[in-house]
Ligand code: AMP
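One chain is shown next in structure tokens, namely the form predicted on its own.
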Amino acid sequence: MKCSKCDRDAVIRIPYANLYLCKEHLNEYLEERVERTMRKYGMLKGVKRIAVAVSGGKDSTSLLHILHRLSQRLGFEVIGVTIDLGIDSGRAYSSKSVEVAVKNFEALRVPYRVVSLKREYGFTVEDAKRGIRRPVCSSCGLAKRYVLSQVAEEEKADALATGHNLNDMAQFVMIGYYSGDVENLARLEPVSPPKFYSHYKIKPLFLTYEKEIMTFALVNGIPFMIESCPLSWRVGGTTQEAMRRKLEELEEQVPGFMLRLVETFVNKVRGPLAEKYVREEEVSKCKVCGRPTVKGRDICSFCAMRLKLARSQGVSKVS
């Protein structure tokens, strides 16, 4: 098929918008969509420096490239951040992920930070899997949130951007409805205001379909990791996997379904849920790292995890 905007061959069909787009017009379409999303939801307000969390996957690497393009026109800075989680499992998974992330940073000539969990915090995600009774993805998520926020703070970023896409958000919404976890559902938002840190957390791709991001990465020759994490291939169970498949089936039958689902949730449902179920928490300082934590807790969740790991290895304290 030909592009709906010119005579070049189309690289993608976007059913909900009734469009066929070539490479150039797909790039233009996604840049405009991300900019519009960021403006509508206040992601650019007062923001001069954005830290982009890059795992090496298609979403985060594409986000880096899109924000880099927008930064040149809109006048903000971009810094890349990636974490070496120490996941090997015979595949050198984390090493490859870091290599891909750095390749993107250097191709775009953006400043970046690589944080080694083992070198800077004394453990890897595989250590956590072996050493404490906690789901490995929970430990990994906790570590990533802590480290990314700390780096964003150290780099004086006004916002920390992650690559969550529309398919991810639709799945989170449906799982929240299904499980009845209204408190976490109420906290599911595209922009999280500063709480323990001074920067916003933003999801610029939260209204962008996974297929569009994948096509963008492929046609622009963006390096990204195709391999999934070897520790998480069965995590989440059949319920989450089934819900994601059903959402994608519904999208095929009703183009725009996921977009409408997420927009309706964010614009009309989340606010009333937050008013009823989310309470502002007072803040104190962690006695180990000095970073903010919920008042009443002497130690933050991240340092508590580090302490459990250290004790499992015969070490009584962490620094």
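Numbers for residues come from their place in the sequence shown, where the first is 1. Keep in mind it's a predicted model, so treat the numbers as computed, not measured.
Here the subject shifts to the form predicted in complex with this ligand, a form of this protein not shown in this document.
Contact residue in the model of the complex, from 83, 170, 159, 128 (heavy atom within 4.5 Å of this ligand): If I apply the 4.5 Å criterion carefully, the residue I get is 83.
Partner-contacting position among 186, 117, 148, 110 - heavy atom within 4.5 Å of this ligand in the model of the complex: Spelling it out, the residue with a heavy atom inside the cut-off is 148.
Partner-proximal stretch of 255 to 263, 46 to 54, 268 to 276, 65 to 73 relative to this ligand in the model of the complex, 4.5 angstroms, heavy atom: Within 4.5 Å of the partner lies stretch 46 to 54.
Residue 144, heavy atom within 4.5 angstroms of this ligand in the model of the complex: Because a heavy atom of residue 144 falls inside 4.5 Å of this ligand in the model of the complex, the answer is yes.
Heavy atom of residue 190 within 4.5 Å of this ligand in the model of the complex: Outside the cut-off, so no.
This ligand contact in the model of the complex: residue 199, any heavy atom under 4.5 Å: Outside the cut-off, so no.
Contact label in the model of the complex: residue 176 to this ligand, heavy atom within 4.5 Å: Judged by the heavy-atom cut-off of 4.5 Å, residue 176 is well away from this ligand in the model of the complex.
Stretch 163 to 200 - residues with a heavy atom within 4.5 Å of this ligand in the model of the complex: Counting only heavy atoms within 4.5 Å of this ligand in the model of the complex, the contacting residues of 163 to 200 are 163, 164.
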